[in-house]
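Taking the form predicted alone, here's one chain by itself in structure tokens.
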């Protein structure tokens, strides 16, 4: 298989992430046993693509039988209702305890399929086949699975590491430009929190080749997830840079009105402004981050950046504790930490600055 490999440590058993081109469907052979039943959960938006059909045809030859379940595109599929529909379809099809789940799609499909795998028949093995930038660099790696509630995002879930992740870069050729741009927000996040060199290579716009970029992001994710698999020490929470405000915005404007990556981009700008106020992050560095986000065609502000609107939603964020919200803030480009006890006044000022397009103030 012509791919670069990253090993991820897990208490449930280490697994590999493969990044490359033309690794599917043959790459499945080393990880999926022959003659077992398989449920292929696939994003309906890519269900008719040639590569998707090739995977399905390969599975039909490899597996004892294949149950194909289409997942509607969009964040709304990460719901209790859609979860119930999927597990009932698997039960109705008679998927047995020796079955496997193969998830083909972006972050929504991967999160939902992973949670189905973690819970159906008390747990089945899953192979993740991410098809978007976000799912390749982030959501398919690390074992977090879950669904949303009306009260907040990712409030129900389980830690269920995959048996393998196969990131075939050919999927990216089929992505709309807006989706590619949104995915780059997560890539910029990795540079901002953990790799100034990566950030510098992306500061003026998209890279010529995604292979090295995806691999580097996976390496960072693998390191943080391996050191803090169940998000108990705070190290893994660094991956949520920009996400506190992002999830708040998504909750307010609706998942159809703002792409996740766009919300993360705005959230990173707010976090940068807050870092200036709470962590002595340099103002020039905050502006550098904002300029990089703009260079990727991503938004840096939103009219709903208002404390009275966001605070009720952010209070239910999964990173919140009895001490309040734990913010991921920057010390410098390439280094971040978790901070609690940030005053309401500082948060309000940061939101106001970003909403009104002002420069950050210390």
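Positions refer to the first chain, counted from 1. Remember, predicted model here, so these are calculated numbers, not experimental data.
Although not depicted, the form predicted together with a small molecule is the subject of the following passage.
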Select, from the options 225-233, 279-287, 195-203, 68-76, the stretch whose residues sit within 4.5 angstroms of the small molecule in the predicted complex by heavy atom distance. 68-76
Please run the contact check for residue 106 against the small molecule in the predicted complex: heavy atoms, 4.5 angstroms, yes or no? yes
For residue 49, is any heavy atom within 4.5 Å of the small molecule in the predicted complex, or not? yes
Would you please decide whether residue 45 lies within 4.5 angstroms of the small molecule in the predicted complex, comparing each non-hydrogen atom pair? yes
Although the small molecule is absent from this view, report whether residue 179 comes within 4.5 Å of it in the predicted complex, heavy atoms only. yes
